[in-house]
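To begin, one chain is listed below as structure tokens, in the form predicted alone.
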């Protein structure tokens, strides 16, 4: 028999049995921040939209953003899905955030009035390094706890991969700005163009009076393939490509683009490449608001975009929705093939030689792709963009810092406290756990 949670007379939970929670509230348990999805869905059904928003927003300072791009692990375990279809939890979150969230232009002063009772001032300074979802969520929670927080960001804009990695057609920039401004309104200080290891060190932070440091610099370093021809002109990595596009820089791609990879980042790259050059009347439309514009508008960007994916069609790592939208935008997906070598001409990319996949894993279950000789063919390309994963840049760590890191290129932390092996230094987000979905970084 499964033990129920123990509740005190003051209606405060004193102990929780995780198994009981998982069985009875799978949607909340699947959410990395344990949002009470069932509760706010029920409140929406009753027409109590204001209360529903408060429930959705309580554990998540990026509720409005998650209403648009969250991978929605809650829907994967929704018990309604056993009957017909899971409840559209993400869409319902967007429904209430559009009425009461930052996009509803609720005055920041009103937001502070709502949150002020939670503020408990402390005369202690904490440094947060990285203004992505993990760093800003940490700053938000620390500010509510009364700490004085400074966030240091290497780029010229805050938001991390929400701003620099997620294309604008999926996430409006104004929404990101509003969510971040709400956090800064709590008294959080933000310093841009300040990179750890370049402009300051961990020692500098300690010497300047910060009593604790939270590292959340993300995983912005792309993994590269060990292939013949990778030094040729016309080879780009996914993170750099998306970063430049999202900062407004023009990236010359040519007409034929090949994207290597099958995860969501690879699809973001492919679909962004399609949008590189569009006529003025289409550019003036509300591209950032909805994907239906992308589906209906005639795109005059790259004339041909091919994706090379190791996995079979049913095994790709990307969301089904992303795959369907890629097909609608005339992106060709080549499944169960892998790159063999890059074809060059006069030092520049001319194509990618590929061959069919025989197997992806060896007898021990390790990822070890094998290919079928004699199945080689060439896909012509002006540019090849590699989107096979990311890792963190740990070059800022010096031996005397005493920070341990894993063979996967992540900082080792205590999973409960996020403490590193160095005193008063904590880490979270992709830096500690590797690339994950946005809501996991918030947690």
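What you are looking at is a predicted structure, and each value in this text was computed from that prediction instead of being measured. Numbering follows the first chain given and starts at 1.
What comes next is about the form predicted in complex with a small molecule, which is not displayed.
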- Scan 236, 164, 180, 331 and let me know which has any heavy atom within 4.5 Å of the small molecule in the predicted bound form. 164
- Message: Between 388, 69, 44, 379, only one gets a heavy atom within 4.5 angstroms of the small molecule in the predicted bound form; which residue is that?
- Response: 69
- Counting only heavy atoms and a 4.5 Å cutoff, which of 138-146, 190-198, 354-362, 307-315 contacts the small molecule in the predicted bound form? 190-198
- Message: Contact with the small molecule in the predicted bound form for residue 443, defined as at least one heavy atom pair within 4.5 Å: yes or no?
- Response: no
- Do residue 344 and the small molecule come within 4.5 Å of each other in the predicted bound form, heavy atoms counted? no
- Proximity of residue 218 to the small molecule in the predicted bound form, heavy atoms at 4.5 Å: yes
- With the partner left out of view, is residue 323 within 4.5 angstroms of the small molecule in the predicted bound form by any non-hydrogen atom? no
